[in-house]
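The chain below stands alone and is given as structure tokens, in the form predicted alone.
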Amino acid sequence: MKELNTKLLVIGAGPGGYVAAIRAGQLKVPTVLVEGAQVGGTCLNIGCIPSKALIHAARAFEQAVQQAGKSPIGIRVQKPTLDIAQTVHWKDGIVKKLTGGVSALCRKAGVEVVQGWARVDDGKTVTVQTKDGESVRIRCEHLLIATGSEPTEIPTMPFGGAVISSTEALSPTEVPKRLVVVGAGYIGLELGMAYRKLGSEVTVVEMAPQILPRYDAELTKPVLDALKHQGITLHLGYSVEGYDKARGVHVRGGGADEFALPADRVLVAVGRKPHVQGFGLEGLQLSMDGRHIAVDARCSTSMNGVWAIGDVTGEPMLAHRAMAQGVVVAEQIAGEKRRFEPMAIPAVCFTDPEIVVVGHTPESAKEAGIDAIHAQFPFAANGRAMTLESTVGFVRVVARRDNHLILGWHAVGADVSELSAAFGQSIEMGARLEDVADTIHAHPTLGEAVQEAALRALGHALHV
């Protein structure tokens, strides 16, 4: 058996794992990165990136369809058609370019990548079964678990055949005539809206009484209106009992009424679970926080020299959180003093319109016992939004009443995901309402709504 010795061994080459490995390599820490599938993990290969590519393609197709009618901006086109095979090929090209870039960055940083499936022998030793059928034993001083998460199945409706996860939904061979989406969280709605734009009849079933249960109603209302406008059917407060090809998806309501929804494909998007089983991790007997690995502010587990980052450590399950944690761990192993204690982590829902949440909402501030003020500015009063033909939504700010320290930013509207960096930065830097209100914002931009929200919280908005 081939043997390797290294200072840092990373299991999982998703956003958290590969970023940790690259940063460690930059700091001259001998590093081995083990990945069973493709570098880039779920995010680059079957998650964040390909889903946004499909969403963009769907949006472009929808615009072309609209321009085949009576376009208010004067564009006239013939009735467009969709080559879904070419769409998937284009999406795959983006994925290939990005994963190839990650591999190149690993080589540049001196990281040794081992393609294969790892099994943890103990806190210092891992055995990898490579794709070539060889076994490699790797000994390390530090072990970093970055194995991510996987889609959650419904016991009565396991994945297979017509029942698909987000993975299969991102590489369709055809656009289904009838798609039933189980789950009205961000994954279900992002893909459900994309498929509707591509031409599917879409129905969404959700156990909770509202869409996007983790977001407040003020933010989700524009999305709810958009779903109805697109012709997507919603069954809120309903559960699924199973699926059969003849009748479709069996649905039950709170009043025990049951009916079936015909479906050519069923997308199950009820959440993700941490990938902590199947590779010997249980042998370490690490302290757990429910289904997740418990870690402290250093991302250290209950075993000395064993670290964990990303989805295996719990919510929020976000790629950018994993990346930040990866840097923290790498720099500690290199001898620096670091802790993972962010003031806020942006969460973005790429529906149409998009939603961004960073920091406290008015409700969470109240629950925390904070005397806060909040204000919002509508995109209906923003010139740039008008030129983009999308005036739905607003920007909202939450701040302490006594000293105007900004506690949270929220936005719903077209392309508001691009405002998330400014939102997070203002909170991390301890900005006050006056700091944002007195900063000159370029005109005409969507970002002016950020300044106007701060001005309105201070009582002197200019354009509303």
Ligand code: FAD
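Numbering starts at 1 and follows the sequence shown. Being a predicted model, the structure only gives us computed values, none of them experimental.
Just so you know, the form predicted together with flavin-adenine dinucleotide (FAD) exists too; it's not on screen, but the next bit is about it.
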| Considering flavin-adenine dinucleotide (FAD) in the model of the complex, which of 392, 84, 319, 140 comes within 4.5 Å of it through any heavy atom? | 319
| request: Using heavy atoms only and a 4.5 Å cut-off, determine which of 376, 361, 300, 166 is in contact with flavin-adenine dinucleotide (FAD) in the model of the complex. | output: 166
| query | Which among 62 to 70, 31 to 39, 392 to 400, 406 to 414 is in contact with flavin-adenine dinucleotide (FAD) in the model of the complex, heavy atoms within 4.5 angstroms? | reply | 31 to 39
| field | flavin-adenine dinucleotide (FAD) contact in the model of the complex: residue 170, any heavy atom under 4.5 Å | value | yes
| said: When the contact criterion is heavy atoms within 4.5 Å, does residue 192 count as touching flavin-adenine dinucleotide (FAD) in the model of the complex? | reply: no
| query | Might residue 420 be said to contact flavin-adenine dinucleotide (FAD) in the model of the complex, defining contact as any heavy atom within 4.5 Å? | reply | no
| Partner contact for residue 279 in the model of the complex: flavin-adenine dinucleotide (FAD), 4.5 angstroms, heavy atom | yes
| query | in the model of the complex, do 43, 148 and 350 all put a heavy atom within 4.5 Å of flavin-adenine dinucleotide (FAD)? | reply | yes
| query | Taking flavin-adenine dinucleotide (FAD) in the model of the complex, which residues of 257 to 283 have any heavy atom within 4.5 Å of it? | reply | 272, 275, 279
